[in-house]
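First come two forms of one protein chain, each written alone as structure tokens, so that there is a structure 1 and a structure 2.
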Structure 1
Amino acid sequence: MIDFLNAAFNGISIGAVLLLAALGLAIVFGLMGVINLAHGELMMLGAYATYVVQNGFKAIGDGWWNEIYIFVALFAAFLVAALAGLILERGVVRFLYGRPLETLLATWGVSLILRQFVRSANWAIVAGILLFCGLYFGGAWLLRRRPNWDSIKNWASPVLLVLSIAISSTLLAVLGRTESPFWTREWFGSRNVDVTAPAWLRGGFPFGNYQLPYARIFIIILTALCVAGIYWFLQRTKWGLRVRSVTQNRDMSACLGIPTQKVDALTFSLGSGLAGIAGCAITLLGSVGPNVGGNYIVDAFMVVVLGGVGKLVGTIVAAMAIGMLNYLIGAGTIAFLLQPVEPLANFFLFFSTTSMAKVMVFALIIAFLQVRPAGMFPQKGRSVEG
């Protein structure tokens, strides 16, 4: 019984990590219909925000504050990822609503840019980006104030874009050739970085011959709080009602005076912020690097699709089911339980590794979707007809 309960805890902890990673994606993909392949990179930004906050607290010196930095890091990770999501939605995604393939390609390109930015980020690159944003967006704001803007915008915008890129690239080249390490030293590089958990999150709770890691217990509690917060937001707040209204019928919501563009930006930012919280949580499980988001994006999409697009309850059930199956198959628990039936035991024993367990779970999901293509909890009503 203790062995089974330990296996169940490990499965739930894996499911909690998957749910935390998929929760933001369930909002963006499920409620907005946007295939955001940069979701994993938003998790990566949250992880690196946690790393920066940790180093900032360490720089202050030893003290009790190093035991509570994780709460500041959660807030910082949410803000950084939400701001990145807002920029992504306003700069790219809002032009591609209703075109899922274009959205997929655009966000995939953004994910590659974010990975490379983390690998080579330094003050010179940041200065060049800030100069470009100031020149282009500031210049566009000034030009829109001109009375003849409508007649010159067809050629003024491209010219402004080219000039802004040229000037900022020149500054970047000049700073990159300086001998000062302040401008050229990379912040993170391509190597993985480690985040040290606070002392109260190290170790585990004794349970028979096993230990239940405090870090995973913390992630389970954090996931439960995030789910409760999202449910409260969607069901009990004015903006949550607007989000659900736009999801059901965008045209009718606009006719009723709901600012659909603001709802889109808020929803995308919220989903991105949850990805940042997930990134903060996964730093407690191991080192993180530029490619850490890619380890979770496929599983997160499987959770959303299996649970039913746009269904929060389905996302929870699917995450727990996939987490439990991954662990029970990969750890050989199912093969052990089926020992009396030798052919079945040998079959599951073949899949009793982490990688092979993912293959079997993926095959089971495909088989399930053949029977229920809309997932465990399919949508009903006008949203399906649209």
Structure 2
Amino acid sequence: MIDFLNAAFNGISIGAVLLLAALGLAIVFGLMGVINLAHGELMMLGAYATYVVQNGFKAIGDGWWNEIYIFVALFAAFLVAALAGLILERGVVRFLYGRPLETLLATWGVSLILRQFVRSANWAIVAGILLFCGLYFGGAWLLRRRPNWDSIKNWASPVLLVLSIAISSTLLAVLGRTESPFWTREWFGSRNVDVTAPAWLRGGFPFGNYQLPYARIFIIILTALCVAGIYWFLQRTKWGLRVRSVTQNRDMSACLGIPTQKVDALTFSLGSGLAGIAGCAITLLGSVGPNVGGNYIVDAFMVVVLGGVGKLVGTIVAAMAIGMLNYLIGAGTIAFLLQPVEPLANFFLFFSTTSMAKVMVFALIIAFLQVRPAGMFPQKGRSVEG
């Protein structure tokens, strides 16, 4: 019995991590239909935000606050990722709605940029980027107020762009050559950084012969809260209603006076913020490095597609199913249960290493999608945007 409960707990805990990683994607990809390949990098930003918050609390000194930094980090991770998501949506994605291939390429490009950014970020680069944004967007804003904007914009905006780039790269070059390490020292570098969970999350809850890790329990609760929060937001609030109506029929919603652009931005940042929370959660389990998001992105897409695009409940069920299967196959439980039937047991024993279990789960998902191409919970109705 204890073995059974422990197996169930392990399966759920794998599923919870998958679900948390996929939840944001279920909104961005599922509801909005945007293939966001930078989702993993938004998780990575959340993880780095956690690292920064942890170091900030450490810098204050030893004390009780080091035990609760994780809650602050959760908010910080949500905010950082949501903000990055907002910039991504306003700056890139909104020009590409309805063009999935371009979105795919563009967000992939963004993901590469973000990875390289955290590798090489230092004060000089950030100062350069800020100066560029200030000059270019500030300049454009000023110029636009001129009465003769229409007649000069053909040459004025390229000149402005070039000037801003030139000035900010000069700044970058000058700062890059200064002696002071403040400007040139990399914030994170390309090495993995060390995030340590607070002491109360590091042990485990004794359970028979086993110990249930507190970090896993924390993630399961966090996932449950996030799911509940999303449901509450979508079903019980005014903006949630608008989000649902826009995803069902954009044109009709616009006709009825719903600000679809604002809704898009809000939905996208919400999904991104959830990615940030997931990023914060995975620091409890593994390492934090520029590539951390890439390890989760394929799994997250797999969950959303298996669950059925557009249905949150599908994502939840799919994440739990994949988590359970991964555990039962990978840990050899199925092989153990099938011991009486030797050929079957040997078959499952062959797949009972972690890397082979992934292969089998993948194969099962493909087989399932052959039978039900729209996933476990396909969206029904005529109103769905095509």
Partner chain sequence: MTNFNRRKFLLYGSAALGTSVLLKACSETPTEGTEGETTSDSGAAASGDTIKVGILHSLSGTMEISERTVVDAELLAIEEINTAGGVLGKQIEPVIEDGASDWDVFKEKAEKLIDQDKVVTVFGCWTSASRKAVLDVFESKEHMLWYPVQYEGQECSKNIFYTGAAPNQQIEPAVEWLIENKSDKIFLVGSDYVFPRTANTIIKEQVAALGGEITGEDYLPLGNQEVTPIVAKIQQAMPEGGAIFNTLNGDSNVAFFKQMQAAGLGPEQYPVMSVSVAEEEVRQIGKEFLLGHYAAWNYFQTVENPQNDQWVTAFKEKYGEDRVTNDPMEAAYIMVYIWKQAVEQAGTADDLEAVRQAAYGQTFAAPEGEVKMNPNHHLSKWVRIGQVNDDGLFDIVYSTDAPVDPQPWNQYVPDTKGFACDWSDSEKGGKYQMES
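The structure displayed is predicted, hence computed values, not measured ones. Numbers follow structure 1, counted from its first residue as 1. Throughout, rigid core stands for the largest set of C-alpha atoms superposing within 1.5 Å between the two forms.
- For the form predicted on its own, the corresponding chain is the one labelled structure 1.
- Once the cores line up, the CA of residue 83 ends up less than 2 angstroms apart between structures 1 and 2.
- Once the rigid core is used as the reference frame, the Cα position of residue 126 differs between structures 1 and 2 by less than 2 Å.
- After superposing the rigid core, the C-alpha of residue 159 moves by 2 Å or more between structures 1 and 2.
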